[in-house]
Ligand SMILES: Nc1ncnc2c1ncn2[C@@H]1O[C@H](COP(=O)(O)OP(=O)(O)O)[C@@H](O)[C@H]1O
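Only one chain is included here, represented as structure tokens and corresponding to the form predicted alone.
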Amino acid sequence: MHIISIANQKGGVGKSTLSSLFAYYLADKKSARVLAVDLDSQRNLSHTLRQCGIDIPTTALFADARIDLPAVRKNIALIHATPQLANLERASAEDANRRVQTFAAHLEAMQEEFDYCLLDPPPTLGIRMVAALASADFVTVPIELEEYSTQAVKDMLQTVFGVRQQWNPKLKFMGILANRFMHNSTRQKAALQELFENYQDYVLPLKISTRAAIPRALEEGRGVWQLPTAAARDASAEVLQVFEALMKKMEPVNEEAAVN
């Protein structure tokens, strides 16, 4: 099972939307068994993938009790968020470390049941963010091209590389993704250019634009490429191009797994 965290310490950048679309992509285009874990007490991912729930709350992944997975009848299985997740951030430093290790151990125990696991952490640095990065094989950072979002890039990169140094040396950074891009915004075009100039080694040379077809598809519980409308064509092209690029970045690990 390859574990992917889609994370940012800035909210409103579309990480839950991206996580949902990626889950649909892996299940539909790759026929993969996907585990989606919502770590955000706002529960956006849980709402979008609500038809895939398996009646296990994310809080269970931080507890010591054994987790028995029910029979999964769909390609996507959701471990859903609850408001109580926010209480984890009140733990002492010692307890926080133990909970991060417990979370990783529970995912390790599920390795044989799924091909991919998508983690959607909250937009804050805390136990849940650290657990998502400490457990992941890969991380990508979606950002919205607004002033506060681009300013937060440096902080997020420091978090990713800090967790990699302290917790998870195998964590691979797949790149920053410009999300919710508005083509008619000169401000966003300038911000995108600035992003490439300042973080050229870390930015994916792709973007996902703001398009009405994406939220419509998610509300219907499917990928945007499955919408039978001409309006969804451009959105589908961008989204699929991004996911294909991310899959290529995971290929070395996939090849190694195939050999072993």
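One rule holds for the numbers: they count along the sequence shown, beginning at 1. Remember, it's a predicted structure, so these values are computed and weren't measured experimentally.
Here the subject shifts to the form predicted in complex with the named molecule, a form of this protein not shown in this document.
Trainee: May I ask you to choose, among Asn179, Thr159, Asn75, Asn168, the residue with a heavy atom within 4.5 Å of the named molecule in the predicted complex?
Mentor: Selected option: Asn179.
Trainee: So in the predicted complex, does any heavy atom of Ile214 sit within 4.5 Å of the named molecule?
Mentor: Yes.
Trainee: Using a 4.5 Å heavy atom cut-off, state whether Asn44 contacts the named molecule in the predicted complex.
Mentor: Yes.
Trainee: Verify the contact flag for Thr59: yes if a non-hydrogen atom of it lies within 4.5 Å of a non-hydrogen atom of the named molecule in the predicted complex, no if not.
Mentor: Judged by the heavy-atom cut-off of 4.5 Å, Thr59 is well away from the named molecule in the predicted complex.
Trainee: How about Ala23: is it within 4.5 Å of the named molecule in the predicted complex, going by heavy atoms?
Mentor: No.
Trainee: Tell me, please, which stretch of 63 to 71, 29 to 37, 203 to 211, 190 to 198 lies within 4.5 angstroms of the named molecule in the predicted complex when heavy atoms are compared?
Mentor: Heavy atoms within 4.5 Å of the named molecule in the predicted complex occur in 203 to 211.
Trainee: What residues of 70 to 102, in sequence order, lie within 4.5 Å of the named molecule in the predicted complex by heavy atom?
Mentor: Heavy-atom contacts to the named molecule in the predicted complex: nothing from 70 to 102.
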